[in-house]
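Here you get one chain, nothing else, as structure tokens; it is the form predicted on its own.
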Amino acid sequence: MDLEDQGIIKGTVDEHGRENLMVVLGSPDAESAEIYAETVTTGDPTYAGPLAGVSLGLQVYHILEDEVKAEIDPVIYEQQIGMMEMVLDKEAISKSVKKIREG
């Protein structure tokens, strides 16, 4: 997650409040998904961006998680995410994001 994205997320939380927001990631691997999930919950682990030391406590999910998939029209999900679901390690990615979400 680049510094500009961190700033946008922080600004959105400042404007709308954390209770009204949820982050849905599309990271291609478990390691990056975990880092991004950590960034939007407890703060930037690299201490380099606007979220360094800023604990937003946002709910975070990955687009491949069953909870998210259940909320999306199956035809649209298949068109937009189907290939990703087939080639990425869904289980590892979901496990990494869930670990951060459940703290």
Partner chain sequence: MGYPVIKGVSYIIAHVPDLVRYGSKPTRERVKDPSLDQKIKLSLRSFDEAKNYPPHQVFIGNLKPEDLWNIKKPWFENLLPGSSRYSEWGEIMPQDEFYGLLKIADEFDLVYLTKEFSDRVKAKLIDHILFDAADMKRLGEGIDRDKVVQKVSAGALPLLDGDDLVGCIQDGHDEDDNLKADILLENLSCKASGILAIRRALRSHQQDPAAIDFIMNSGEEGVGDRYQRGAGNLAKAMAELSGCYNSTGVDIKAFCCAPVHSMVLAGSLIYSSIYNHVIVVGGGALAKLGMKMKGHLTNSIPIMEDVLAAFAVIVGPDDGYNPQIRLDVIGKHDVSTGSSQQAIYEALVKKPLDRLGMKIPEINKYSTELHNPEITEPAGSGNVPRNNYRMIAGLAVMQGQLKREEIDDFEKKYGMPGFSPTQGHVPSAVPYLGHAREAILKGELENVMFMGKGSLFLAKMTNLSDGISFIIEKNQGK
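Numbering follows the first chain given and starts at 1. Keep in mind it's a predicted model, so treat the numbers as computed, not measured.
This next part talks about the form predicted together with its partner chain, which is not shown.
Colleague: Decide whether A92 counts as a contact residue for its partner chain in the predicted bound form under a heavy atom distance cut-off of 4.5 Å.
Modeller: No, A92 sits far enough from its partner chain in the predicted bound form that none of its heavy atoms falls within 4.5 Å.
Colleague: Decide whether A52 counts as a contact residue for its partner chain in the predicted bound form under a heavy atom distance cut-off of 4.5 Å.
Modeller: The answer is no: A52 has no heavy atom within 4.5 Å of its partner chain.
Colleague: Might G57 be said to contact its partner chain in the predicted bound form, defining contact as any heavy atom within 4.5 Å?
Modeller: No, G57 is distant from the partner.
Colleague: Taking heavy atoms and a 4.5 Å limit, what residues of 83 to 103 are near its partner chain in the predicted bound form?
Modeller: Going through 83 to 103 in order - heavy atoms within 4.5 Å of its partner chain in the predicted bound form - the hits are M83, M84, M86, V87, L88.
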